[in-house]
Ligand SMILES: C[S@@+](CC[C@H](N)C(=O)[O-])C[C@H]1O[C@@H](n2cnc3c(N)ncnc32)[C@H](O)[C@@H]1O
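Okay, so here's just one chain, in structure tokens, the form predicted alone.
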Amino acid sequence: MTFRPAQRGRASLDFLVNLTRGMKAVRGQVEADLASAVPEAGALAEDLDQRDAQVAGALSPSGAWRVSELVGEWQSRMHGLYARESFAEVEDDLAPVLERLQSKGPARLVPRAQGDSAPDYWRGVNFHRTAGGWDDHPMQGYIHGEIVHRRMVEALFPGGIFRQRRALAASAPRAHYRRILDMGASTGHFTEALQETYPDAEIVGVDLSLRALEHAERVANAHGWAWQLYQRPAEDTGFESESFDLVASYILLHEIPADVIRAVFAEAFRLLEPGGDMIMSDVTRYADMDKLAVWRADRGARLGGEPHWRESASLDLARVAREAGFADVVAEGIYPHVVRGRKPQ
């Protein structure tokens, strides 16, 4: 199942990765121009849209800024298309393997019930500027999981994004769990970290994307793992109350609106047995940044196709957890920002 691109696909993907690396000097010049154009960051507007207009206007004479914006826009538009094209070149070779892994093995995938529909905040949204959204291409799960993440994001993420997932899974308070729920399991990358950390646990995952879950099913079957995967929203899973002893998620929350985040925490509380543990992680909180850092994150999220990032990053997740009923709540870390809590006995 490992992705091995053909010559053209390899050249395209390597170009995208190396273009990002090669922009380091340009980004450095943008920061120098920014320091000169905005010497008093504290004087910037509190309103994020007004702040963006202020900073973008101040940077407008900067050639490095214009190049950075142009390249960023091109990369945002093209990374998903290049990944699809590179997959198409080797699809005939991969198809028998992918079909076998999706149809044979201990994992089980339950699609959304006929007549049910995806929530409004998800339906029709091209997250990460993926053309057609998560479910448009029949192999979007493989393309996103194996090409975009394992080949491109992993090559650029400081310290390794899969190492970060394993560290988060291992940070739960107990050494052993009986039944674990991964909220927003996607293509199974964090689910895999949970499985490897707690090999005796029963692993359940929910996500809204059927294509992503199909690839999670392949990953589980390739390893002989009996994951139970459901195409359901994290805020309304339909599982029995008090049926898990660990509920976790890896950087799901910025993909959903603030009111749904509160519902996700409430659902996690309902699903945990008394004494059960919760670990939620997400992007850096705006409250932990200065005004210019918030501007960078907010503008980058908009460029990258993250419609709910701002309201998620503006939330105090520790407060949300306490309001849901969790005790011993601790929130820490920059990226990911991690919130842990326990359901009282």
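Small disclaimer: the values here were computed from a predicted structure and weren't measured. Counting begins at 1, following the sequence as shown.
One more form of this protein, predicted together with the named molecule, exists but is not displayed; see below.
For this chain, the superposed copy of the named molecule, brought over from its placement in the predicted bound form, stays clear of the backbone and C-beta atoms by more than 2.4 Å at every atom, so the pocket is open. Contact with the named molecule, judged by heavy atoms within 4.5 Å in the predicted bound form, is confined among 188 to 196, 79 to 87, 219 to 227, 103 to 111 to 188 to 196. Of the heavy atoms in Tyr121, some are within 4.5 Å of the named molecule in the predicted bound form. Looking at Ser209, you'd find a heavy atom of it within 4.5 angstroms of the named molecule in the predicted bound form. Interface membership of Phe244, defined by any non-hydrogen atom within 4.5 Å of the named molecule in the predicted bound form, is ruled out. Proximity of Glu235 to the named molecule in the predicted bound form: non-hydrogen atoms within 4.5 Å are present. Of the listed positions (Met139, Val148, Leu271, Ile251), a single one reaches within 4.5 angstroms of the named molecule by any non-hydrogen atom in the predicted bound form, namely Ile251. Using a 4.5 Å cut-off to the named molecule in the predicted bound form, each of Trp134, Gly184 and Glu255 places a heavy atom inside that distance.
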